[in-house]
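Given next, in structure tokens, is a single chain: the form predicted on its own.
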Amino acid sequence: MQEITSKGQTIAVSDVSKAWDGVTAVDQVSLEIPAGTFTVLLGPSGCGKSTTLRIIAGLEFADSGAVTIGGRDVTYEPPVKRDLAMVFQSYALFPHLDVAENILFGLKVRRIGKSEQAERLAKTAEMLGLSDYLHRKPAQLSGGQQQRVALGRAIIAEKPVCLMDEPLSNLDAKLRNSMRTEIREMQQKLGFSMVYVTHDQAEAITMADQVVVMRHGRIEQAGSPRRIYEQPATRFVAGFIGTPPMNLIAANALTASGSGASLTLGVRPENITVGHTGLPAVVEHIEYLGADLLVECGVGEQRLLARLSGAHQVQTGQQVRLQWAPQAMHFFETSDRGRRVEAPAELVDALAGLVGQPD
């Protein structure tokens, strides 16, 4: 069967701001989504990610700044003129229409010919595994199948841009895992430009070409999942990305080096090991996860979380020595912005001497 074809377009958001009643929701956001790529807007509730998506969609207009799609200024164009499809958190299916009618609804509104409707429906249903459900009503479908119908309605439009606002939040964990794989494979197959909003970092890391981490209406960092994980640009990103999140403590809490007085030290739990030498600590809490152990250790008044192999034999109250490699250390300003910085060599050497190299 002939494949559905789509070609993505570049989306550019330039110095966009939006406020309601004096409260800023989006603050001078600039972002580029290359054609045919998958970009995820990630952040906690209220960070401005959904508002940014709605501004791209034309559901909200920016107070200032510009939005272009495919090089065309669409800042004040309505959604219908932006040549895009959108999938919302709610499936928004018509309960009185069957699956086929729900998927075809947009094409019928646009008065696409019946033969083309039938051809597109067959291709879309086959891609999403809905061919055997076309005559069922939404109430007769599982949550995952309903979500596929909502996706089908977007796919069948064959638009170069697709926007999704937390489309998997109503599904259970197992369905979310399978659906995010399907969505990513679908985007790669069809080649459209995807902008996807979520607060779930696992979705962002596993699906995206580009992750855009937002806080307080601003972009904290935009980059590949690997770069954001390995080189977080701010203290907020360091503490938001990772399961469990990065340990963040005052750098001078572990060493007398005065050069660490204004810096925060970050070390990921998975980079900490237990050895014969290193930083003295006391095991305060253990969480057994089968393949892994999450071990919370006290170092004076500081707390460090280590993610160890489940084969480790440790007990609450046990004296241990914590180790990590020098390259596992990250340093950030202690200011509210918390930008990533290069630490003075004196501080790095002092900490490296304290924790040693992993055995």
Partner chain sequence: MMHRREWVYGWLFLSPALVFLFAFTHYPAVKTVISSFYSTPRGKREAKFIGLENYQTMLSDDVFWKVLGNNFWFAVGTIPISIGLALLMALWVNSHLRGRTLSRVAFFAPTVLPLIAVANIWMFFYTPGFGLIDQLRSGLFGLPAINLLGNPDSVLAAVIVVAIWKEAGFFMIFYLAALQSIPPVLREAADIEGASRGYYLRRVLLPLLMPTTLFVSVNAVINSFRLVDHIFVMTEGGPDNASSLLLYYIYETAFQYWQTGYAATLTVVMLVLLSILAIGQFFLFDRKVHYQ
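Residue numbers count along the first chain shown, from 1. Predicted model only: the values in this text are computed from it and were never measured. For clarity, a rigid core is taken as the largest C-alpha set superposing within 1.5 Å between two forms.
One more form of this protein should be noted, the form predicted together with its partner chain, which is absent from this view; the next part is about it.
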| item | value |
| --- | --- |
| All of Leu59, Phe105 and Lys108 with a heavy atom within 4.5 Å of its partner chain in the predicted bound form | yes |
| Sole residue of Pro245, Pro280, Gly143, Pro79 within 4.5 Å of its partner chain in the predicted bound form, by heavy atom | Pro79 |
| Ala261, Ala118, Leu289, Ala92 - the one with a heavy atom within 4.5 Å of its partner chain in the predicted bound form | Ala92 |
| Answer range among 83-91, 221-229, 180-188, 122-130 for contact with its partner chain, defined in the predicted bound form as heavy atoms within 4.5 Å | 83-91 |
| His96 within 4.5 Å of its partner chain in the predicted bound form, heavy atoms | yes |
| Interface membership of Arg54, its partner chain in the predicted bound form, 4.5 Å heavy atom rule | yes |
| 4.5 angstroms heavy atom contact with its partner chain in the predicted bound form for Arg153 | yes |
| Contact test in the predicted bound form: Arg215 vs its partner chain, heavy atoms, 4.5 Å | no |
| Rigid core superposition, Arg227 Cα moves 2 angstroms or more between the shown form and the other one | no |
| Did Lys137 shift 2 Å or more between the shown form and the other one, C-alpha, core superposed | yes |
